[in-house]
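This document opens with one chain alone, in structure tokens, the form predicted alone.
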């Protein structure tokens, strides 16, 4: 498990672009890093000029969703039927109010749709056609066509599906979907007053079954924020869901008052059940401690505060 710990100054924004092997980034690392930098700068500008933590995480994630190279928005991985099914969620630490969407196909920026749920409805999670109706009502932009590199990766993965470790029982069902015929992004922010927010967006695991819902749209699992900690997770959604990873970190922090120890304890439980190569997180506390942690080969990550900007993958 890799842990990086920083003491940041307010306001501060941190992002991730997914945990995993990141083999595809080795040849084009600068391209991925460039998007991380643009995401940090765009999100931080809203934080600096408006002290708006919610806008900050939304704007940072929109850059990643629009990049077509991260697993969210336009660059989302495809399910076994070759379709996008996208999830996103956000949460405000002061009010504990959240908004999330799941299984959306026709929205360019699912994180914007999650914000509409947060802002204009009495619900926390809306999925499928119900979410799409809200997107239509507010005239959210539709996504572009699936990028060629995403579809090529989908076909290559499908052809070598016996080598895909995270799919076991699903292999027996693949023929149902064949005829209908690849990392999560997130952000956390602390404003000048010490108030927190978190958000996450994803296309999900490549070759998931249609209708599968992972951790990303579930408050406490893929994202969480309260008055003490804001967290965004990435990895194999089923493992993150099983222990409500972000909420687990936040609960440990209530007692330990040590964010690094809290992350270590939560990952100890995660790895006891699911093993390594399962997850990564970014978390920031109300005492300005920032943690990047992952038990995979690498994780795209970065942060910006008044004095520093940092971003890397390996």
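Just so we're clear, the structure is a prediction, and the values are computed from it rather than from any experiment. Residue numbers count along the first chain shown, from 1.
What follows is about the form predicted together with ligand ASP, which we do not show.
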| query | finding |
| --- | --- |
| 195, 212, 105, 153 - the one with a heavy atom within 4.5 Å of ligand ASP in the model of the complex | 212 |
| Candidate stretches 92-100, 133-141, 112-120, 200-208, one within 4.5 Å of ligand ASP in the model of the complex by heavy atom | 200-208 |
| Touches ligand ASP in the model of the complex: residue 216 (any heavy atom, 4.5 Å) | yes |
| Partner proximity in the model of the complex: residue 236 to ligand ASP, non-hydrogen atom cutoff 4.5 Å | yes |
| Contact label in the model of the complex: residue 71 to ligand ASP, heavy atom within 4.5 Å | yes |
| Close approach of residue 76 to ligand ASP in the model of the complex, 4.5 Å, heavy atom | no |
| Partner contacts in the model of the complex for 17-44 (non-hydrogen atom within 4.5 angstroms of ligand ASP) | none |
